[in-house]
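Below you will find one chain, with nothing else, as C-alpha cells; this is the form predicted on its own, and questions on how it binds or moves follow later.
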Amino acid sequence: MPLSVLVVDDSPIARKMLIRSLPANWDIEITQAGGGAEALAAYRSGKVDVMFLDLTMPEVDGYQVLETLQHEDMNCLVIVVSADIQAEAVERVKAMGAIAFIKKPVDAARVEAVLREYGVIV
C-alpha cells in the first residue's frame, strides 16, 4: 500500500523539484498543495503520511500549518523544506513537531537520508 505524500509550496517549480528528488523506488501517492490553507484541507480530507512543507507562503505559512497540526494532534511526519536556514527557524519548526529541516534547493541524497533516518524507507 503506497504512502500518501503531500508536497506543500506556493511555487510550482519548487514542488516539481522536490518531487523529482524523491526516491524513484518509493511506493507513494503524491498530492500537491500550493499553500497552507490548501495543505490543511488536504490533510483534513484524507490520510497524509508524510508532508513536505515550505515555510514562506502567502496567507497561511508553514509555521501556521505546523501550529494547526499541533492543535489537531498531528499524525503525519512533517519535513520542512525551506530556504530560511537560520538556526532559529530550524529550532522553531522542530519544537513544533517537524522531524527534519531540508534546505532549498533540495538535494535528493539529503531527502533520502532523512527518510531512511526516520524509517520511512528502508
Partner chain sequence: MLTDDRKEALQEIANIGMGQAGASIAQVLGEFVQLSIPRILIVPPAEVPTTLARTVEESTVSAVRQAFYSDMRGEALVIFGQHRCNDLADLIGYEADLDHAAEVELLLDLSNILVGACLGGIAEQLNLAIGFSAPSLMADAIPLSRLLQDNPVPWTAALLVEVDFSLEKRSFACNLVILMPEAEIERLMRAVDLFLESL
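Computed from a predicted structure; not experimentally measured. Residue numbers count along the first chain shown, from 1.
Not on display, but discussed next: the form predicted in complex with the partner chain.
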Exercise. Which of these residues, 14, 98, 102, 22, gets a heavy atom within 4.5 Å of the partner chain in the predicted bound form?
Worked result: 14
Exercise. Wondering, does residue 86 line up within 4.5 Å of the partner chain in the predicted bound form on heavy atoms?
Worked result: yes
For this session: Flag residue 57 as yes or no: does it have a non-hydrogen atom within 4.5 angstroms of any non-hydrogen atom of the partner chain in the predicted bound form?
Result: yes
Exercise. Closest heavy atom of residue 92 to the partner chain in the predicted bound form, within 4.5 Å or not?
Worked result: yes
For this session: Report the stretch among 36-44, 78-86, 65-73, 22-30 that approaches the partner chain in the predicted bound form to within 4.5 Å, counting heavy atoms only.
Result: 78-86
